[in-house]
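Consider the single chain below, provided in structure tokens and representing the form predicted on its own.
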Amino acid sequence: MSIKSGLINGVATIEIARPEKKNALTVAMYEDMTTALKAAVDNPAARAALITGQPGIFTSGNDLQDFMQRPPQGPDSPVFLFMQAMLAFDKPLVAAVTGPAIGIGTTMLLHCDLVYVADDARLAMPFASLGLVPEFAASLVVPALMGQRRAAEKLMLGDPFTGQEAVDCGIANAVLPAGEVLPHARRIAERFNALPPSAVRQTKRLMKRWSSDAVLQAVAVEGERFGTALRSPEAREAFQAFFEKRKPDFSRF
């Protein structure tokens, strides 16, 4: 299975486990993660959830072959249902990140409550370089966290950034040696076992309440424009160049 899930000491663990493909996400994997998140919401024994990848790789983002064969077609597409499940998840959501976190590998972190990254982590949102636009409310949240200038570097130029930069701009809580990230994140998630669950959930709801409408609107607007961009000549050139292992040529656009 490419997504492993289970309850470990009160923590619903969702592990992206496709290292042979750099944890690239497929439609089926989005469906499995959505199922796992919903199960964690319904399970009173789950006091928190933890999303992690494999040692040295969080996720390289979408599996482009799978993505092109089954592109998102609207709000009921598996990737958007996964986004909705993350946004609706009202228990603490913790992420442990080592190695690359590309595309949605970074944007999903924007909606986790606690994020711990390795000193080898490399985050990037290279949507524009693929002829696409930001997703998962990144166009709203990233400028709010970083400011317009640094957000332009990350979203328009697609510049990668380190785990320490993620901490500095508020995406992550702490940077640790790679081997310590997952154990530390799990210890943090397990702390919720000793806290009153209703108070924790109500606190999260209140913290999200004041921005939730704007986030949902951003997801919807981005999703519509993402679908349009996906069918554009620029995106076709970018994807074809990726498959042909060459540099894309945007000079004619």
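The first residue of the shown sequence is 1; numbering continues from there. Quick caveat: nothing in here was measured; it's all calculated off a predicted structure.
As for the form predicted together with a small molecule, it is not shown, yet the points below apply to it.
(message) With the partner left out here, check for me: in the predicted complex, does some heavy atom of R231 sit within 4.5 Å of the small molecule?
(response) Taking the distances in the predicted complex, the answer for R231 is no, it never comes within 4.5 Å of the small molecule.
(message) Check G103 for me: does it contact the small molecule in the predicted complex (non-hydrogen atoms, 4.5 angstroms)?
(response) Heavy-atom contact with the small molecule at 4.5 Å: present for G103.
(message) Contact with the small molecule in the predicted complex for K21, defined as at least one heavy atom pair within 4.5 Å: yes or no?
(response) Yes, K21 is a contact residue.
(request) May I ask you to check whether G53 falls inside a 4.5 Å heavy atom distance of the small molecule in the predicted complex? (result) No, G53 stays farther than 4.5 Å from the small molecule in the predicted complex.
(request) Identify, from the list V175, L130, L182, M86, the residue with a heavy atom within 4.5 Å of the small molecule in the predicted complex. (result) Contact residue from the list: L130.
(message) Within 4.5 Å, heavy atoms only, which of L216, L195, M207, L64 is in contact with the small molecule in the predicted complex?
(response) After the contact test, the surviving option is L64.
(request) Sort through 37 to 45, 187 to 195, 54 to 62, 207 to 215 and report the only stretch with a non-hydrogen atom within 4.5 Å of the small molecule in the predicted complex. (result) Only one stretch qualifies here: 54 to 62.
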